[in-house]
Structure formats: structure tokens, C-alpha cells
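The chain below stands alone, shown as C-alpha cells; this is the form predicted alone.
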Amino acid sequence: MFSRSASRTLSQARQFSSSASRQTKVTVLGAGGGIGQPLSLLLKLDPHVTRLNLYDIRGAPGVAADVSHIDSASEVTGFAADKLDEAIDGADVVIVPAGVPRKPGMTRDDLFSTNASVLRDLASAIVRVAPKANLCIITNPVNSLVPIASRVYEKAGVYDPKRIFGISTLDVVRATRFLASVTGNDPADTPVTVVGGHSGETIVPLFSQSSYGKGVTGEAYKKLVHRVQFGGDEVVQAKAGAGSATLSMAYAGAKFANTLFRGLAGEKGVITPTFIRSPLYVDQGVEYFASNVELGPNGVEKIHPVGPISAEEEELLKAALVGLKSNIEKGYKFIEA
């Protein structure tokens, strides 16, 4: 039997915020993988989800059969490799964790060739079958794949930048958790905004905007920033070739998805960082950037500026913009080749 504490934890996991009701049809592309399986589980628990379609080149029907036994209201269907269009049809939100994971010694850019092809092909199917669906990209490297998806939509004549998201929520989750560890506080009391991109030095945690974070200085600050920027390496190394950050990424993906569902349902004041087409640094040649955005029925309703930051964060942001410009250009070159 569950202990009382375990039962309480499960109950809390099922209680995603659901202050507004809306029937949301969700498709996960890559549901059989290391991120896709726990992500599918968490989405099954989300009260906004009424239909959950799971697709992969292998294993999705089995994952769907397993997840479908969970006692929440949503209906779950698994789709085999030749049923991509059927899996996407009618979706309000499509979440893509499909692709190959990192291994020790690999950077997110090392994944580029394979995952760029995967994302291009999936995006091509989405624009054909459900062009108005909100597309949430987990597959790395996010900094390059969001521009690739955007170009696919542009070429198809259905591009809406307000509905294509790179999920950078794991950086927010890590920054919040790591700051709480350093300061000895509950993570619920130490939220951190993270801007920039979703790889290495493009990740800029804004600790100066946190009442607890602004007190972390010197070497402790440098170590904290580095851990947020390269936290994924900890997991890759600890798994010793057996995978990358799958469970924490699934959690972050589900957390972002719940935020998006709430915005689509009409809840007001739903704000979170995400990597999108953004005007904030276009004058520096950076067309995509992660910052706080307000979500609503049309996807992105408002893009918030970065706001006041410290001198150290100014330097981090400069480095991030250089990296982002290169990452974005890499994505464009791939899709235009």
C-alpha cells in the first residue's frame, strides 16, 4: 500500500492548475522515448487534456495502452509509425520530444544533423494536417530547431509566430531548484526568470531579479550560473552513456504545457519564459529569444522585456546573443540548403 505521504504526493501531482476549463486535444510526437514516456504520463494527469494522442516510430501503442489505464478523464490513443497524420489530426497542441538524446561528451549541437531532419519532417506533417495547432519543441538543439520549424511554416504559408514555442522551462526549473539549495529555501519561494536560449552560455538566469538570488555573489554566484547553464551535463555524466535529462525534462515539458493550456483556456496573467520569435534583440541580429511572455487564447499575447539586470548578467547576455545568432543561422542554413 501507499504510505500516507506517497499518496499525498500522487494527489499533488495530479492537481495541475485548472482554474479555467477547456477541452484540449494534445499530440505527443516521440512518445516512446526517454522524455516522451514520462511526459505522456504527466499529460494524462493534466485536467485540461481531454484527448491524448501518442505517436512514435516504435512503441507508442504500448505506451498509450499503459498510460490509458490511469484514472483520469482524458482518452489516450497510440499510433504506429505509418499513422503520423492521424495522430496529428485535430490537435490543439503538438509537443515534440522526438529525436536522439545526448551521450557523454556530446553537446546539444552534436545532435543537430539528426534532430534537425526529424523536426523538419514532423513540422512538414503538422503544417499539412493541423497548421493552427500550437507547436511546442523539446527536441534539441532548441535554439536552432525553432527557426527550422518557423521556416517550414513560412514556406507553407501558415506561419504564426505566436504559436511556435521552444520549451526552455527546464532551465527555469534548474535555476529555481539550485538557488533554493544554495540559499536554504523552499523552491516555491525562489522563482527565477531565465532568458536567452536553451544551451550552455545562451542560458542567462536572472538571479538579480530574485530577492534571494541577489544575495548570492562572488564565486558562489559563478558556480550557480555555471550549474544552471551546464546542468544537463551532470545528468549525462551520471547516467554514464545510458541517457540524458529525461525525467526532469518531461516534468518541465508538462509544466510548460499546463501553462499553455491555461492561457489557451482564457486564464489571465499566465506568464512564463519560452523561446520564441521575438523583437527584443532583432536589432542585434537575433530573431529568437527566450523571455517572459504572457500566454492567451492566441498563444503568445505579450512579450515582456528582460527588465533591469546586474552588470554580471549584462555580460552573460552579451555572450548569449553571440551564441544565439550563430545557432539561429545554423538552423536557417539547414532548412534553406
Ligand code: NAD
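Throughout, we count residues from 1 along the sequence that is shown. Remember, predicted model here, so these are calculated numbers, not experimental data.
Another form exists, predicted in complex with this ligand; not displayed. Remarks below refer to it.
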So which of Val195, Ile167, Ala175, Ile95 gets a non-hydrogen atom within 4.5 Å of this ligand in the predicted bound form? Ile167
Counting only non-hydrogen atoms and a 4.5 Å threshold, tell me whether Asp46, Ala257 and Gly296 all contact this ligand in the predicted bound form. no
Heavy atom to heavy atom, is His69 within 4.5 Å of this ligand in the predicted bound form? no
With a 4.5 Å heavy atom cut-off, would you call Pro161 a contact of this ligand in the predicted bound form? no
Using the partner position in the predicted bound form, report whether Val129 sits within 4.5 Å of this ligand, counting heavy atoms only. no
Is Val282 a contact residue for this ligand in the predicted bound form, using a 4.5 Å heavy atom cut-off? no
Per contact check vs this ligand in the predicted bound form (non-hydrogen atom within 4.5 angstroms), the hit among 53-61, 272-280, 286-294, 308-316 is 53-61
Looking in the predicted bound form, the residues of 246-274 with a heavy atom no more than 4.5 Å from this ligand, listed in order, are Thr246, Met249
